[in-house]
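What follows is one chain in structure tokens, specifically the form predicted alone.
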């Protein structure tokens, strides 16, 4: 049985299933929360890939939500996934670099998890291929949760509620397999699409954008500004890896950490531009505090680096054009 529900419905489920999850599981009971559901894809979005072995159900999504916000995943039970991905900041943390266990500073800026179901690989360097395997990285990272998935599982097995919740969701107890899949299910339920840009483009609401934003949109999609070459599609990213001339020498080699190819030094995954109004600071290391800083960087043509993208060059934008471009980018945010 397959049903379709809106993203908002999943969050209502998080409230109602919290009650259901505390009940004793009856194997003979046919339960709506155990049924496979398909998310109601926002207009203009395609259907994201969903693994056959991890189809979405309300119980799996709710279990993943609880795990995501539970510090039980970290060595000293102080850090959760939600510590670096706040709902009010569109699943980022507002910091240049995220803070992990014992106050340790990470090496990169937290990327938003909204619409993450579409990502073909995860992290700024693309080093992880799926949401399921992505879960393991922060758990094992000494600067994040500094723990071990096998020890996490032992904790969960001793927990008064989690074993029953896992059986509801996966007909099995806590394990590395079920932990990673539950969190991935929750992350695949996170969508964001209600922007004024969407109203203008998809629904023909000519009043959704101001004159300045419309001029900025025209500039964004023009060969003069070159933005659309990398920030394309409904998520405003082509998922490629680019060196945008942020530095002449990179302390973080980016994609080259994965490929060991010197041609990939300083290349990072092109991020989605949705929700920029809520996700400052910007760049892989959070080094640009405002959108004005971002526009000034690209307007200058960036620093010289042999791997710099051909699309990053001096633009000679006027002050009005900069303002128009910033205003358009802000219209991509979902309130």
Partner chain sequence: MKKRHIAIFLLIALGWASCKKDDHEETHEKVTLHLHTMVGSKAADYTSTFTSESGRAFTLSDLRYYLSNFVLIKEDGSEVPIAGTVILASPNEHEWELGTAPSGHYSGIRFLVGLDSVTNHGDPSVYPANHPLAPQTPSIHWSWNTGYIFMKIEGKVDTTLSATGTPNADFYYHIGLDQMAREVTIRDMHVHIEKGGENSFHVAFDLLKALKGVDMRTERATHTMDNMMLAQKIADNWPESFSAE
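Nothing here was measured: the structure is a model prediction, and the numbers come from that model. Numbering follows the first chain given and starts at 1.
Just so it is clear, the following notes concern the form predicted together with the partner chain, a form of the same protein that is not shown.
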(request) Would you check, heavy atoms only and a 4.5 Å threshold, whether residue 128 touches the partner chain in the predicted complex? (result) yes
(message) How about residue 211 - does it come within 4.5 Å of the partner chain in the predicted complex, if we only consider non-hydrogen atoms?
(response) no
(request) Mark residue 201 yes when one of its heavy atoms lies within 4.5 Å of a heavy atom of the partner chain in the predicted complex, and no otherwise. (result) no
(request) Mark residue 148 yes when one of its heavy atoms lies within 4.5 Å of a heavy atom of the partner chain in the predicted complex, and no otherwise. (result) yes
(message) Among the candidate stretches 243-251, 72-80, 85-93, 177-185, which one is within 4.5 Å of the partner chain in the predicted complex when only heavy atoms are counted?
(response) 177-185
(message) By the heavy atom within 4.5 Å rule, which residue out of 155, 257, 143, 171 makes contact with the partner chain in the predicted complex?
(response) 257
(request) Consider the chain as shown here, without its partner, and state which of 104, 194, 133, 232 has a heavy atom within 4.5 Å of the partner chain in the predicted complex. (result) 133
